[in-house]
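Form predicted on its own, single chain, as structure tokens, below.
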């Protein structure tokens, strides 16, 4: 359908709606991929969590899933392994957040214009570019009995070496320390980027008013780093809750299941040789997803509220 404009020229339907439709043409491919690879698996996990299913079909192609309703969730309540995994995830959440202030202070230290600062930045950036598998192997050797650096150091200081990964009371702390190394580097990068966007005029005005040190950081620098802080916190929370790779590489959940986290326990129940309980694994995944959504929704709500108050 064509429409004649006031100047006498004919405008097509596309020309009339071009500004409205163009953004959607760019968004539709991404929205489709997001729906297929994110939304659909999430909804499927919710649905599977209501079934007792081994992930296989019968020889005739029919489903072997059996509806159990909330039975999988009821079983979680009395599962000691799930309770241990949940406690470890809470510990991960609390201690992993140390990466945010550590990253901030390192970024402030590196945000200098002195000789050799690029080399220091490269050294601090290095943990971020190596994979979690490599980080796990490095710290496994660092903690290893008889030849690990930490073991030899504690043996030299106390006379008795400490095998971190073999102690049920210390193993989770050792894995968290390994995870903090690259996570701190990631937060540092975010804050270095944010510091480059700090307004020098505000800093100079604060200096003229006598602000320096902690007051300068708290009242002038940190308010301008809110976007970087938001991203750092969200990514750190997600990393703490899905801490599968380090646990798998360093301890495989041991000793005696004491270092399990929810993501690893989900894998054990659903996909490992000890499990093939897809419904139960999906129930664990749903619990993990809901915990993650609570934290992320809270951060988003706070950010939106702060933005509104700012305007």
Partner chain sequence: MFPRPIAQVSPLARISYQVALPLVLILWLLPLIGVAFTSVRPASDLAQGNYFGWPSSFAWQNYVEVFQNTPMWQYIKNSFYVTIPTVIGAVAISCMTGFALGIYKFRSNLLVFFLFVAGNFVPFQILMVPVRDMTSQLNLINTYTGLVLFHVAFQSGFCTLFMRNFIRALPRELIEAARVEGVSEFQIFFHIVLPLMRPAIAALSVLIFTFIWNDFFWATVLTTKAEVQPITAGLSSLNGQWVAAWHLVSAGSILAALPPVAMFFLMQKHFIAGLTLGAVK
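Residue numbers count along the first chain shown, from 1. Worth saying up front: this structure is predicted, and the values here are computed from it rather than measured. Between two forms, the rigid core is defined as the largest C-alpha subset superposing within 1.5 Å.
If you look for the form predicted in complex with its partner chain, you will not find it shown, but the lines that follow are about it.
Student: Identify which of 190, 100, 86, 163 has a heavy atom within 4.5 Å of its partner chain in the predicted bound form; exactly one of them does.
Tutor: By the 4.5 Å heavy-atom cutoff, the listed residue in contact is 190.
Student: Is it the case in the predicted bound form that 74, 155 and 176 each bring at least one heavy atom within 4.5 Å of its partner chain?
Tutor: Not a single listed residue reaches its partner chain in the predicted bound form, so no.
Student: Taking the shortest heavy atom distance, is residue 91 within 4.5 Å of its partner chain in the predicted bound form?
Tutor: Looking in the predicted bound form, residue contacts with its partner chain do not include residue 91, since no heavy atom lies within 4.5 Å.
Student: Hey, in the predicted bound form, is residue 70 touching its partner chain, heavy atoms inside 4.5 Å?
Tutor: Output for residue 70 is no: heavy atoms all beyond 4.5 Å of its partner chain.
Student: Would residue 258 show up as a contact with its partner chain in the predicted bound form if we use heavy atoms at 4.5 Å?
Tutor: No, no contact at 4.5 Å.
Student: So in the predicted bound form, does any heavy atom of residue 296 sit within 4.5 Å of its partner chain?
Tutor: Although its partner chain is absent here, residue 296 would touch it in the predicted bound form, with heavy atoms inside 4.5 Å.
Student: Would you mind checking 199 to 235 for residues with a heavy atom within 4.5 Å of its partner chain in the predicted bound form?
Tutor: Going through 199 to 235 in order - heavy atoms within 4.5 Å of its partner chain in the predicted bound form - the hits are 200, 203, 207, 213, 216, 217, 221, 227, 228, 231, 234.
Student: After superposing the rigid core, is the C-alpha displacement of residue 77 2 Å or more between this form and the one not shown?
Tutor: Superposed on the core, residue 77 moves its C-alpha less than 2 Å between this form and the one not shown.
Student: Superpose the two forms on their rigid core, then report whether the C-alpha of residue 120 is displaced by 2 angstroms or more between this form and the one not shown.
Tutor: Yes, shifts by 2 Å or more.
Student: Verify the C-alpha shift of residue 287 between this form and the one not shown: is it 2 Å or more after superposing the core?
Tutor: After core superposition, the C-alpha of residue 287 moves less than 2 Å between this form and the one not shown.
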